[in-house]
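Okay, here we've got a single chain as structure tokens, the form predicted on its own, with questions on binding and movement later.
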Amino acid sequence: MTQFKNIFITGGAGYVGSALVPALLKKNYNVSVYDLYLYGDIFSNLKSNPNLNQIKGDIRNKKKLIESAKNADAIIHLACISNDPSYELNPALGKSINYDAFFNILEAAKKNNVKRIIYASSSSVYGVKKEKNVTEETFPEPLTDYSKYKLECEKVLSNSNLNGLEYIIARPATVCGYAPRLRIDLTVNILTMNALINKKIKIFGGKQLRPNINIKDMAQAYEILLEAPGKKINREIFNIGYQNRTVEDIAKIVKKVINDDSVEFEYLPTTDTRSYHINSDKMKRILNFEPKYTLENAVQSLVEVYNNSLIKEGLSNPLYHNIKLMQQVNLK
């Protein structure tokens, strides 16, 4: 068990948070979720848990954020406008949340004497790479504003006087698989839904390499980063990924797991040239982290909930697609 008991998670009702929060509660952490709850009452089944504290709030509200984090031992900062299309819908809004509000997070941490902050950056900061293995030492070349500001927040952390506050930068691969706040607008998940609903998998490009991580392993990675001794992780960057596959290979995995010969492939052009193969050996070497769940497991988890009618209108429902919901809500 970690030296930290009270964990404050911004964006904790999002895709990764919806898997992470129950996992931390099972380990008897006290968890405070600070989120706008745009995707509904994600933790309705956990309301009776005395270790869960839910706060509806905006990270741009500095006063409320600082007050809400007053008992935190550690902060896991997940909150952001997630993925490129959602960010590009309103770049000024994206910057205000993904970059400007990051200074509020740091101030909340410092004023409340938080001991550790874990920042969720992204492996997309690497851009397009021809190297066979992209390590944490590889020079980042972000292609979009979303990934550029992820990198800028990393720089803010590394250049700040944090007065003993430990920090870790996580660069996750693309997360996949079922979680209570499901995102279908991610590579493995959208290919799976297209196969199940339309019997056709649209492959945009196909040869781009994409790193992936099952959401169960992603939650486990954050637990490990919470529990690790400071001397091992302070001021470190960790790639967190597992299987690097081309988009075309992922489509073939989806078809194989679904086991439906009627599923067809449709190849389409794309302007999304991101292609990189991240190496996550550092996480294994320093923290003994080894992913346990595969792409196949992720696809199967989605198939099971779909077959049990737990996914409603998977390709059109805004609850599963960040950009669709962002087009509906009026965030200012």
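All residue numbers are counted from 1 along the displayed sequence. Source: prediction; values computed, not measured.
This next part talks about the form predicted together with a small molecule, which is not shown.
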Original post:
Is residue 27 close enough to the small molecule in the model of the complex to count, meaning some heavy atom within 4.5 Å?
Top reply: no
**OP:** Please run the contact check for residue 291 against the small molecule in the model of the complex: heavy atoms, 4.5 angstroms, yes or no?
**Re:** no
**OP:** Using a 4.5 Å heavy atom cut-off, state whether residue 178 contacts the small molecule in the model of the complex.
**Re:** no
**OP:** Tell me, yes or no, whether residue 239 is in contact with the small molecule in the model of the complex, where a contact means a heavy atom of each within 4.5 Å.
**Re:** no
Subject >> Segment that reaches the small molecule in the model of the complex - one of 296-304, 282-290, 32-40, 264-272, heavy atoms within 4.5 Å >> reply: 32-40
Original post:
Among 201, 184, 173, 233, which has any heavy atom within 4.5 Å of the small molecule in the model of the complex?
Top reply: 173
